[in-house]
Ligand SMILES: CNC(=O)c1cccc(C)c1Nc1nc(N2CCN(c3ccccc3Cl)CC2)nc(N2CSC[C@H]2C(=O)NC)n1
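First, one chain by itself: the form predicted on its own, in structure tokens.
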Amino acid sequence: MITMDDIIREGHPTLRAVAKEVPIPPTAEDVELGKEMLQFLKNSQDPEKAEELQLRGGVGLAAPQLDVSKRIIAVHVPSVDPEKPESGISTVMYNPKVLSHSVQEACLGEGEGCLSVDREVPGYVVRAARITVSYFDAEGEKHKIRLKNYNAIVVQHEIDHINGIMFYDHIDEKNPLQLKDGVLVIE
């Protein structure tokens, strides 16, 4: 079971390395790692489990955050709309790639956080509002999905991790809380 002790923190060289592609279909070891990553996210969002295991809440986790330099990410974003449970996303992606993205940009009003960063980093992290992503699942089947707004931001954050990019690399150092016109702010 993955705990906070397994997650490496900023400054660790693995977080700045470009991760290696995994073989398709993924190995049994890679499939197991993906399952454990997704379970960590589910545990971190369960108030009782999170308290018991001392977990910080997370919606995404990338293998490099566990000091495993492989292109594996897990995302678990529950639907906030009971009428539309499909508006959430819960999956493990092997070798994910952004195929296209919107011109429209978006950011989270409260900024972004990261399980590998133990400090507040003020500033807007501007990303594409909509993306199309391809990835492989645990069985080696290829998928192509369109994501928008919060789900798109979460997946872009995790794909950045497998490319050695941290969320604060996107923050304007001189004007961290200034936005260009037209950027969608998601509250």
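Counting begins at 1, following the sequence as shown. Because the structure is a prediction, the values reported are computed rather than measured.
There is another form of the same protein, the form predicted in complex with the ligand; it is not shown, and what comes next is about it.
The ligand in the model of the complex comes within 4.5 Å of a heavy atom belonging to L115. With a 4.5 Å cutoff on heavy atoms, L108 counts as touching the ligand in the model of the complex. When the ligand is considered in the model of the complex, I162 lies well away from it, no heavy atom lying within 4.5 Å.
By the criterion of a heavy atom within 4.5 Å, Y150 is counted among the residues contacting the ligand in the model of the complex.
Taking the partner from elsewhere, every residue among G57, E120 and H157 has a non-hydrogen atom within 4.5 angstroms of the ligand in the model of the complex. Using a 4.5 Å cut-off on any heavy atom, the residues of 23-55 that reach the ligand in the model of the complex are, in sequence order, S44, Q45.
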